[in-house]
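One chain follows as structure tokens, the form predicted alone.
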């Protein structure tokens, strides 16, 4: 009898240690993984830690990071948006055409954000007001928007090589920091402030954690969900402008499949698919940085061109699995 009593506290103690270890990994795991990747790729190629490659890595992170920051708002409410890549495509097309006609940088940024916000508002209306399933609505919008853009440009490629594109790509702040990286930093900072310091952000967390409870507390759930999709669309539009300028051309295949990279990066960064958990910074930013670090490192290591696709699939699987385990049994 006494032996059974001794075994029970030991079992509880082991369980408690496992839970603490799991919580510690969930909290600091991203930093551990990033550090391990840096060490691995540095061992494969010492140029991985060079200043030029560090800047290049941040540039690769920029457009995906901007879009991921917007997606955080939607995922916090328990939703999803797979029309992001199509929004990036159409805003890249529109900004390329308009800047070729003489539109300046500020105008291009404003038009891209406005265009993305309009598409986000369409998503938000059907999802928040008409209570339609997010994945179905955003899938339909994705095909519709991409089809509209392809119908406009046909099968030809638009070249974003005008003064606005060149300014975005070549401008360096303080002589070294790329303007695009500064834009990413500003977006991440503003999104995190909005999420952590404003009523809007706190209400989005509340909706994701317990939608019916949030409604009983007097939160305007429909308006907040609508706002989340508008913000997501707006930042996807800005990401489209940035990505178009970086690539230098916009073809019908522009940003195809990008939505899955953005979603997986957000989930990898701790933004829960179940809603109510996650941060734009450092969360989503670290998720994007890890994925781009893998891509950059594999390229520098001169691995098979298909290796990244396999690794990316494994990363997505692990990220979703960990999110599911961490949120197992929770009421949403």
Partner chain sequence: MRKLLSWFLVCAVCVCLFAGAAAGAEKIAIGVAMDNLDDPFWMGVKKGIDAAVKELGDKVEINIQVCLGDANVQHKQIEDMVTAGADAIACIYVDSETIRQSVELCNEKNIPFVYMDRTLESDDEITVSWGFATDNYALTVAGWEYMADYARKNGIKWKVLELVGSLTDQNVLFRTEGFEKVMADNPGIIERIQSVPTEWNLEKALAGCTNALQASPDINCIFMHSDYLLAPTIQALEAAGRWVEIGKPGHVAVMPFSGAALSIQAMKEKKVEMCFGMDTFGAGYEGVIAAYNFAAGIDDPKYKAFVNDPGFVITQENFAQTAPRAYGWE
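Note that the structure is a prediction, hence the values are computed from the model and not measured. Residue numbers count along the first chain shown, from 1.
What follows is about the form predicted in complex with the partner chain, which we do not show.
task: Could you tell me which one of 256, 106, 186, 193 places a heavy atom within 4.5 Å of the partner chain in the model of the complex?
output: After the contact test, the surviving option is 256.
message: At 4.5 Å between heavy atoms, only one of the stretches 281-289, 267-275, 56-64, 30-38 reaches the partner chain in the model of the complex; which one is it?
response: Stretch with heavy atoms near the partner: 56-64.
- prompt: Is residue 102 one of the residues lying within 4.5 Å of the partner chain in the model of the complex, judged by heavy atom distances?
  reply: No - in the model of the complex, heavy atoms of residue 102 and the partner chain never come within 4.5 Å of each other.
message: Check residue 305 for me: does it contact the partner chain in the model of the complex (non-hydrogen atoms, 4.5 angstroms)?
response: Within the cut-off, so yes.
query: Just to confirm, residue 243 within 4.5 Å of the partner chain in the model of the complex by heavy atoms?
result: Yes.
- prompt: Using heavy atoms and a 4.5 Å limit, would one call residue 248 a contact residue for the partner chain in the model of the complex?
  reply: Because a heavy atom of residue 248 falls inside 4.5 Å of the partner chain in the model of the complex, the answer is yes.
- request: Check each residue of 43-60 against the partner chain in the model of the complex and list those with a heavy atom within 4.5 Å, in sequence order.
  value: Heavy-atom contacts to the partner chain in the model of the complex: 45, 47, 50, 52, 53, 56, 60.
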